[in-house]
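In structure tokens, one chain follows: the form predicted on its own.
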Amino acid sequence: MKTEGVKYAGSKNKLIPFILDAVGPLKIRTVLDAFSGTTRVAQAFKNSGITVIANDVSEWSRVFGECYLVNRKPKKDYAEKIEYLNSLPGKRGWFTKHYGGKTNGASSVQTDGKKRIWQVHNTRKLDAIRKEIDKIAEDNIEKSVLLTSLILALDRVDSSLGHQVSYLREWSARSYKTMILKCPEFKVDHLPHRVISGSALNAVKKCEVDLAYFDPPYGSANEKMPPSRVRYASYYHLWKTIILNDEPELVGAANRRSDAGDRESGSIFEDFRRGESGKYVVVEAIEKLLTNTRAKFILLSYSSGGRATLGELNEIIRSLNCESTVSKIDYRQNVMAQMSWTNDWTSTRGDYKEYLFLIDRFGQGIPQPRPHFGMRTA
């Protein structure tokens, strides 16, 4: 069964087959997805019959988690309400005022000099539908399913680069379409999945599971990159506003929430500073995360474009005195290639790669990997 989600800069959709292949021999029954994001990896674990605890700091991740993991109602139970929401006539409201643009010529730039992410015919529907969801949802889980349906529909008709920091100057072809809500493609089972909200550092202390999967924010190794350009609270501020429907104070050309600005990082894993030790704060955070994890196994996915280097991650993992493997993902050949710890972390051409670190935290023993997974390393 395929997973589902919005356009997302940190999406692990392409990585899912490699993740499932890596943990397959471990016979995992329970997993903590500590940086769950749009829940694509959590959905894949659930679809594989594994009990999932999904954690994240964002409101939209909680909503997606309640929809795709916790919901127990079949799709047919939502059909009538989704059809009703689609039938509502549009109305001008707060979202239309700040995010709806008219197609005056071919430009999304409006008279106030700001660009818009949606055309006005879709923000009018958003204004009508969002208000009605609060009225017709019978409980929080049903509300999360309807909100997920709304967000997916809006994502299909936006005019953006895939994030909400800046929008296209010319309207995208998809933005001319009328958004239509559809029931999310969730799988219903009766396993005790959970959704929790908070710091990954707190989550790992509370959750005793077979596997902890970590996909921390990468940040950027580019010293000139403004922090606001890679913080997820800034990238996806609109999903938070739609969920809370709180009409927040707005700033900047993209009408971002004022609490999604540039000065504060939303997570220690997005911090760009160096700590007192001279290491980047995010490297210290990863070390603390791995050290405090109570899972039998850890699977860490990381990009060569992030703040941490291969050498720093190698040093952290070796300090744990655990058996571990590292594999580099080659999407073109659709394999996980064998890799030694001394391989180059980044290409001089800036050709970033994805890596999977599998760590045996308490000496359970890592089964012999499949032929393309690579060899175990000390």
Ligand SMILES: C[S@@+](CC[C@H](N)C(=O)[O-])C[C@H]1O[C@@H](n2cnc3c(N)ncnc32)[C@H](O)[C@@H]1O
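From a predicted model like this one, the values you see are computed outputs, not experimental measurements. Residues carry their position along the shown sequence, with the first being 1.
In what follows, reference is made to the form predicted in complex with the named molecule, a form of this protein that is not presented.
**Study point:** the named molecule: the contacting residue among 69, 326, 41, 31 in the predicted complex [heavy atom, 4.5 Å]
**Key:** For this set of options, the contacting one is 41.
Practice item. May I ask you to choose, among 184, 101, 217, 90, the residue with a heavy atom within 4.5 Å of the named molecule in the predicted complex? Key: Selected residue: 217.
Review point. Is residue 232 one of the residues lying within 4.5 Å of the named molecule in the predicted complex, judged by heavy atom distances?
Key: Yes, residue 232 is a contact residue.
Practice item. Would you check, heavy atoms only and a 4.5 Å threshold, whether residue 35 touches the named molecule in the predicted complex? Key: Flag for residue 35 set to yes.
**Study point:** the named molecule contact at residue 245 in the predicted complex, heavy atom, 4.5 Å
**Key:** Because no heavy atom of residue 245 falls inside 4.5 Å of the named molecule in the predicted complex, the answer is no.
**Study point:** Contact test in the predicted complex: residue 200 vs the named molecule, heavy atoms, 4.5 Å
**Key:** Residue 200: yes, in contact with the named molecule in the predicted complex.
Exercise for review: Determine which one of 318-326, 57-65, 44-52, 22-30 lies within 4.5 Å of the named molecule in the predicted complex, judging by heavy atom distances; exactly one does.
Suggested key: Residues of 57-65 come within 4.5 Å of the partner.
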